[in-house]
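So this first bit is one chain, no partners, the form predicted alone, shown in structure tokens.
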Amino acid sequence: MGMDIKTPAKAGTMESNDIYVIVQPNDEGGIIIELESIVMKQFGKKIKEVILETLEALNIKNIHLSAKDRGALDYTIKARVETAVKRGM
């Protein structure tokens, strides 16, 4: 049984090398990821993979996640996603 987001929550900043993550419940079910990034062409796919892996590790099955990336490294992306999810539970 997966965990679900109960309330909207956010983590991160719009500073350089950070990522701003907003999570909301997804009543239709499934995982929706909306991503804006200053490095979308080079790393958009990789950033989405890191977000998805983090959600899977947290056993999140239903979520609407929006992220605005400013060149964050993988560990920062994971930390921000995890924090936003935990705040939304």
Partner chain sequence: MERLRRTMLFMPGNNPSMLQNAGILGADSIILDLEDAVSITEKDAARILVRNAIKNVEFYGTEVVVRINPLSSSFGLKDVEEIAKAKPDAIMVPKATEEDIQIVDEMLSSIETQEGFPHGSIKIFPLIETAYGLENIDSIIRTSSRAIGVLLGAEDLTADLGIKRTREGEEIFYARSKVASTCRACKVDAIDTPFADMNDCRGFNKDIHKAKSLGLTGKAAINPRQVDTIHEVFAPAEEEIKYALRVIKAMEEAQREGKGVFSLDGKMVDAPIIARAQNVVKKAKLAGLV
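From a predicted model like this one, the values you see are computed outputs, not experimental measurements. Positions refer to the first chain, counted from 1.
What comes next is about the form predicted in complex with the partner chain, which does not appear here.
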Non-hydrogen atom within 4.5 Å of the partner chain in the predicted bound form for each of 5, 49 and 59: no
**Study point:** residue 24, heavy atom within 4.5 angstroms of the partner chain in the predicted bound form
**Key:** no
Residue-level contact is defined here as any heavy atom of the residue lying within 4.5 Å of the partner chain in the predicted bound form; does residue 79 satisfy this criterion? yes
Considering non-hydrogen atoms and a 4.5 Å limit, does the partner chain approach residue 17 in the predicted bound form? yes
In sequence order, the residues of 58-74 that place a heavy atom within 4.5 Å of the partner chain in the predicted bound form are 73
